[in-house]
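Encoded as structure tokens, the following chain is the form predicted on its own, with no partner shown.
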Amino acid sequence: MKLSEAGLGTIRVNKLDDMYPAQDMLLQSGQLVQYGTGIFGYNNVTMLVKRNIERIIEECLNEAGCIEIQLPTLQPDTIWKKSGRWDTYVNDGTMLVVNSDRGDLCLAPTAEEACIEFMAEKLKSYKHMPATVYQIGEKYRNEIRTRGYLLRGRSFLMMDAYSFDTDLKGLEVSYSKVRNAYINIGKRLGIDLLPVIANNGAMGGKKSEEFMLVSAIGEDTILYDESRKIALNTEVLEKEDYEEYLKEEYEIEDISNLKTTKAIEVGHIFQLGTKYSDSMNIGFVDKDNTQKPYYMGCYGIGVSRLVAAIYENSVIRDEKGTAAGISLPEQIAPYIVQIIPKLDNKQKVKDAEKIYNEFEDKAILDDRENVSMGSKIKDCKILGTPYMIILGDKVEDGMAELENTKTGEKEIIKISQIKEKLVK
């Protein structure tokens, strides 16, 4: 991408939000555009970051044997009334409802009902299971209290998956497969996704775990023992039978050594059991030729929330501890290098074009005129590019200054060696 063609202009960032500096940078630099409370548009870099996260999620779920589908986000009230959740969601104001002369519809806040309807014709017999399907798409919730920009919006991108089994034992196997896929997703993204014992809440079912990033800006409080890799949401302690629940489902008897910390929830997985197949009266024919309900699992990842969490986790700070930019993880950065040549030096411009062409679509060339070298260097860090290449007066022809934007480490390197070094 050439910045002269990106429509960014001169980037000016002032008085960043202390709690969410990365997303404030995105807004002030035009990488995010806010249309209303909790409603955002994505510019090129943030859109590609989101897409790379989606790709990693898809790859890990596919490796776990999950099948991708696509469900409608505009759904009729009839399927929600089957499960008994229409009145609940409408009355508490969560659901965005569309009234029409052909019936009432909603913008889906989740998709259990739609997925059961989708799979009912395909899973009529025990012979057709187990099966786990997933989708990545927009969800809509009329959040009373939006928070943290992309962390809690009214429109948000979500991966939701659903497993179908004939019995509890099968459900536990499917649940374990998706759980392992989540851990692999964290590794591929370069982040520590922590499984946290959770309360099922309104979703119902037997067992659930949240996947969280430990962070000072998190709105959840968890109890965590890093040495034993045990964590639980403090909401679990609100259950009357929490001690029995922890012992029976997780084999945990002592939580006295767990320490309190804040965390961001980016995913949640549930063993739903037969709750929704019972309420919607949908199931399969078992070996004994009797009708049985599906044993379901439900699995979600807030993709846009994950974008926000990774951005906030990628803030770089100056000597005073003030947020000075962003350095994205290489696993998800759409552009690996940003090239800054001195434009009044023809050789430097020629060298910059050479490097740019070598990296194809993985490089940004800052060819904007009437913008100082100092401003361009600051802008590189605002855009989150992991490496910066400067072609200025400090280096001889054929050489460049290569900087790791996360660590600030710099070295003078031959232009011919740059690609090989960064590929390694």
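In this text, residue numbers run from 1 along the sequence as written. None of these values were measured; they are calculated from a predicted model.
What follows is about the form predicted together with adenosine-5'-triphosphate, which we do not show.
Between 135 to 143, 322 to 330, 272 to 280, 115 to 123, the stretch whose residues reach within 4.5 angstroms of adenosine-5'-triphosphate in the predicted bound form through a non-hydrogen atom is 135 to 143.
Contact annotation: residue 300 falls within 4.5 Å of adenosine-5'-triphosphate in the predicted bound form, judged by heavy atom distances.
For the chain shown alone, residue 165 is not a contact residue for adenosine-5'-triphosphate in the predicted bound form, no non-hydrogen atom being within 4.5 angstroms. When adenosine-5'-triphosphate is considered in the predicted bound form, residue 207 lies well away from it, no heavy atom lying within 4.5 Å. Contact annotation: residue 128 falls outside 4.5 Å of adenosine-5'-triphosphate in the predicted bound form, judged by heavy atom distances. Of the residues 158, 217, 193, 223, just one reaches adenosine-5'-triphosphate in the predicted bound form with a heavy atom at 4.5 Å or closer; this is 158.
Of the listed positions (340, 150, 171, 232), a single one reaches within 4.5 angstroms of adenosine-5'-triphosphate by any non-hydrogen atom in the predicted bound form, namely 150. Shown here without adenosine-5'-triphosphate, the chain has only 265 in 234 to 265 lying with a heavy atom within 4.5 Å of that partner in the predicted bound form.
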